[in-house]
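Next up is one chain by itself, shown in structure tokens, the form predicted on its own.
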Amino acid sequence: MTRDEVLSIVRENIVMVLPEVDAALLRPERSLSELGANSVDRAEIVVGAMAALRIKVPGSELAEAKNIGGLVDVLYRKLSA
């Protein structure tokens, strides 16, 4: 799976959890908080993406993700390990 495919999965989960967000705003440099996601929303997005990718990532590794691109990097790195 490519990094772009992981990004696509993360975007799909963001749209499922935050359907009111304009898809044009889902750029890697944006944080989930900037998009209006609260802590429950962020957890749902991350859990949904991990389920779609069939991986589990420890919270300590997820904590380093400061934006969408960072989240994609963490998930992609876990897939590639």
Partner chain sequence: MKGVLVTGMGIVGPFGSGVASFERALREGARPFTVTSPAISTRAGYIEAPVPEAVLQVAFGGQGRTGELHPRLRKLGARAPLAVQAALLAASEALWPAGAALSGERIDIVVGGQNLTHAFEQEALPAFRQEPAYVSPSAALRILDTDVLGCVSEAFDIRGEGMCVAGASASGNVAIIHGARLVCGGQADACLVVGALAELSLFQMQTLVSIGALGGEFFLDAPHRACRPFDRRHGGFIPGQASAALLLESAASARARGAEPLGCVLGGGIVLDAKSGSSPSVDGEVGAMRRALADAGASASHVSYVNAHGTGTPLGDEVELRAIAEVLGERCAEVPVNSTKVVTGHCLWAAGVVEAVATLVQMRAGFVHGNFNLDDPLETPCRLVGRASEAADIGVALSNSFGFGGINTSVVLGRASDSRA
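Positions refer to the first chain, counted from 1. If you're wondering where the values come from, they're calculated on a predicted model, not measured in any experiment.
Keep in mind that the form predicted in complex with the partner chain is not shown, yet the notes after this line are about it.
The shortest heavy atom separation between residue 16 and the partner chain in the predicted complex is within 4.5 Å. At the 4.5 Å threshold, heavy atoms of residue 26 stay clear of the partner chain in the predicted complex, well away from it. By the 4.5 Å heavy atom rule, the three marked residues 61, 68 and 74 all fail to count as contacting the partner chain in the predicted complex. Taking the partner chain as it sits in the predicted complex, the stretch 59-81 never comes within 4.5 angstroms of it through any non-hydrogen atom.
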